[in-house]
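Form predicted on its own, single chain, as structure tokens, below.
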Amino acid sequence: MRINPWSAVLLLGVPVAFLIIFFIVPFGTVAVTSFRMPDGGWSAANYEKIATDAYYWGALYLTFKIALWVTLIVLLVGYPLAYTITYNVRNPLLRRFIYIVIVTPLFTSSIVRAFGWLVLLGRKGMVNETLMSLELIDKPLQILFTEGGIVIGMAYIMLPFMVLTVASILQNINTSLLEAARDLGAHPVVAFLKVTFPLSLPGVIAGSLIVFTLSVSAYVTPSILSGGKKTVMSMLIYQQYAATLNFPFGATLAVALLVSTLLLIAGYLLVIERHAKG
């Protein structure tokens, strides 16, 4: 079936125009602003400042470190959860209820969820009180205002994205392939490793990319759960735009974060592609 040329132009033109208006143009504006100087001139001094100051490198490293930990934890928790919902929950009503429970936190403000974790992870919060009541610890743990506290809060927020993405792929896997593997004598674990998991890799890759990019750009949760003791790039960008009103340097930080993130994603996809071919 051939598509009318005008229909093809319309189908491609709308998303391309949307991309240009809401991504290319804003990013181009930010990129141009990053080369502006307070006196109105043009210079790459802002990029030189970032490249030569260990403080900004440390913030960038912490940003990616937290994002990677969040992605790993969410994958380890989200994949088994999505697998269980897809293959072990037979009742459609129960399955829908579980999905509603998973999605419900997304309708709550990030600020509310972050402050909720302040209560849970505090020295007298539920987590420490539970651990002490079980005699697993002698004194409250310092969880808040640490990297671990930020990771916990962000992993909770990002979990629905991984579960929904992976579950959508698992639901479309032909179950006859699993039945054939078992008929041929494959152990359920072997069938999972040889059939289910490889076929669900698109969901794993998509989910990990979504979680990683959202974690890199997150601002509310890290700023609240860090208590100002840990600084990620989004917090620095906000400070430059809202506090010091240094728009050119804030734009420079934003461009540096975006370019670094795109390079990491490109490297990740390249490794996946080479592994798939090899």
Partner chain sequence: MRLSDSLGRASLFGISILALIFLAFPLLVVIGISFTTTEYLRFPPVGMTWKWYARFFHDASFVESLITSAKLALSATAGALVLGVPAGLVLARKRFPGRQAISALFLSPLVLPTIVLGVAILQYASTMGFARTFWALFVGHVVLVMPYVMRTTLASLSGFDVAQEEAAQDLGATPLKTFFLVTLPQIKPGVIAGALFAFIISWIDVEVAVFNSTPELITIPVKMFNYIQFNVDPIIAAVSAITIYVAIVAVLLIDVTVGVEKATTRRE
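Note that the rigid core is defined as the largest set of C-alphas that superpose within 1.5 Å between two forms. Positions refer to the first chain, counted from 1. For clarity, every value in this text was computed on a predicted model and none was experimentally measured.
The same protein also exists as the form predicted in complex with the partner chain; that form is not shown, yet it is the one meant from here on.
**Q** Is the partner chain in the model of the complex close enough to Phe23, Thr104 and Ala254 that every residue in that trio has a heavy atom within 4.5 angstroms of it?
**A** Yes, because Phe23, Thr104 and Ala254 each have a heavy atom that approaches the partner chain to within 4.5 Å in the model of the complex.
**Q** Check each of Leu199, Leu81, Leu72, Leu177 and return the one that places a heavy atom within 4.5 angstroms of the partner chain in the model of the complex.
**A** Checking each option against the partner chain in the model of the complex, the one that comes within 4.5 Å is Leu81.
**Q** To verify the annotation, which of these, Leu184, Val190, Met126, Leu134, has a non-hydrogen atom within 4.5 Å of the partner chain in the model of the complex?
**A** Result of the distance check: Met126.
**Q** When the contact criterion is heavy atoms within 4.5 Å, does Lys139 count as touching the partner chain in the model of the complex?
**A** Output for Lys139 is no: heavy atoms all beyond 4.5 Å of the partner chain.
**Q** With heavy atoms only and a cut-off of 4.5 Å, decide whether Tyr61 touches the partner chain in the model of the complex.
**A** Close contact is absent here: in the model of the complex, Tyr61 is far from the partner chain, nothing within 4.5 Å, heavy atoms only.
**Q** Considering only heavy atoms, tell me if Leu159 and the partner chain come within 4.5 Å of each other in the model of the complex.
**A** Heavy-atom contact with the partner chain at 4.5 Å: present for Leu159.
**Q** Residue-level contact is defined here as any heavy atom of the residue lying within 4.5 Å of the partner chain in the model of the complex; does Ala8 satisfy this criterion?
**A** Heavy-atom contact with the partner chain at 4.5 Å: present for Ala8.
**Q** Going through 224 to 243, which residues have a heavy atom within 4.5 Å of the partner chain in the model of the complex? Please give them in sequence order.
**A** Result: Ile224, Ser234, Ile237, Tyr238, Tyr241.
**Q** Does Pro15 count as moved between this form and the one not shown, where moved means a C-alpha shift of 2 angstroms or more after fitting the rigid core?
**A** Yes, the C-alpha moves 2 Å or more.
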